[in-house]
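Before any questions on binding or motion, here is one chain by itself as structure tokens, the form predicted alone.
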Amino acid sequence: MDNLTFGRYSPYNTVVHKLDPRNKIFLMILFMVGIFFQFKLWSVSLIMSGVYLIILIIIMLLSRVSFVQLFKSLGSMWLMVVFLLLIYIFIPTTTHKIEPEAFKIFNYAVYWDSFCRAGYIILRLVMMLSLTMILTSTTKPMDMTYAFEWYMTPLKLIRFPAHEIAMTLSIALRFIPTLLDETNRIMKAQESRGADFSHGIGRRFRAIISLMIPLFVSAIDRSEELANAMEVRGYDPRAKRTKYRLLRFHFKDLLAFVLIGCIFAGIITLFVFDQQSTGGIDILQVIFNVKGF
């Protein structure tokens, strides 16, 4: 559980921390959309993935996000990696008449294309996780609440409960690290009583049951305490509310918006030219003789 870093805010005084949360959410979505553009040629996809990684590394260095915590979070993705490999190996998406074989499992041929496709999907997931980690590590939960509520402001015209939804999201994000800490505490307490979380399927199942029941009880108790505290303080979601800290768009937000916008425009331009191209030599096709996407 210590490997999960989603929802943990790191209080540093960096440029990324000072950006407007509304701007950060929009730019994160814009970057994610750019990551999921598919190009015809493997070489273009490889070059663009390298560009994405370089940009993400620079942003992580600027925001002082821990690479160690990121690698620990990636350690929990091994099951998904194996699942994707099995899908692309045993359920091929293309015909492999001219592609070289990597090896054979009995009489079934496994091709290099399957590993390339699975690796590309995994790389996308890693970049998505990195973006999410950057957002949650550099944005306070209350600021994220204000940003979500600001984006849902037009829905208030149709009486959509924008403030209630934003507050629910904020509480959920705020309690993720709290529940993780509570899970670690309960696991240590159950291990001291003889529970085994690391050996045998049957033992793990019984240990997880002994973990989930007190965790649910603790979560319900915390939610009741929070509801009582908000009620005692006179919280009314339908009342007109003022904000202690107003969100303002500064010059650094404009600079970040223009920078990411230019990168996204370049991605779209390259994608359009790539889709309109009818030929060309792909370096990876020459080396591995594999097809594009």
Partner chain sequence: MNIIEVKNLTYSYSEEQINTLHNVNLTIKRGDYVSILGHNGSGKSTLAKVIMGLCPNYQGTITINGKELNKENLAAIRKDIVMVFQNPDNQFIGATVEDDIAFGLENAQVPHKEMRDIILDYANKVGMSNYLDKEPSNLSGGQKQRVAIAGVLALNPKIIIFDESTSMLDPKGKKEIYGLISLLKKNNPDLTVISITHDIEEAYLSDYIVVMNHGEVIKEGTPNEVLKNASELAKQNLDVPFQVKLIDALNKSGFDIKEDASLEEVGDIVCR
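Numbering follows the first chain given and starts at 1. The structure presented is a predicted model; accordingly, all values stated were derived computationally and were not measured.
If you look for the form predicted together with the partner chain, you will not find it shown, but the lines that follow are about it.
Trainee: Answer with one of 61, 230, 28, 51: the residue that has a non-hydrogen atom within 4.5 Å of the partner chain in the model of the complex.
Mentor: Looking at 61, 230, 28, 51 one by one, just 230 meets the 4.5 Å heavy-atom criterion.
Trainee: Just to confirm, with a 4.5 Å cut-off on non-hydrogen atoms, which of 160, 151, 175, 83 contacts the partner chain in the model of the complex?
Mentor: Filtering the options by heavy-atom distance leaves 175.
Trainee: When the contact criterion is heavy atoms within 4.5 Å, does residue 264 count as touching the partner chain in the model of the complex?
Mentor: No - in the model of the complex, heavy atoms of residue 264 and the partner chain never come within 4.5 Å of each other.
Trainee: Would residue 146 show up as a contact with the partner chain in the model of the complex if we use heavy atoms at 4.5 Å?
Mentor: It does: once the partner chain is placed as it appears in the model of the complex, residue 146 has a heavy atom within 4.5 Å of it.
Trainee: Wondering, does residue 72 line up within 4.5 Å of the partner chain in the model of the complex on heavy atoms?
Mentor: Looking in the model of the complex, residue contacts with the partner chain do not include residue 72, since no heavy atom lies within 4.5 Å.
Trainee: Since only the chain is shown here, I'm wondering whether residue 222 would be in contact with the partner chain in the model of the complex (any heavy atom pair within 4.5 Å).
Mentor: Residue 222 belongs to the contact set for the partner chain.
Trainee: Among the candidate stretches 53 to 61, 244 to 252, 264 to 272, 30 to 38, which one is within 4.5 Å of the partner chain in the model of the complex when only heavy atoms are counted?
Mentor: Of the options given, it is 244 to 252.
Trainee: Only counting heavy atoms and a 4.5 Å limit, does any residue of 131 to 170 reach the partner chain in the model of the complex, and if so which ones?
Mentor: 142, 146, 167, in sequence order.
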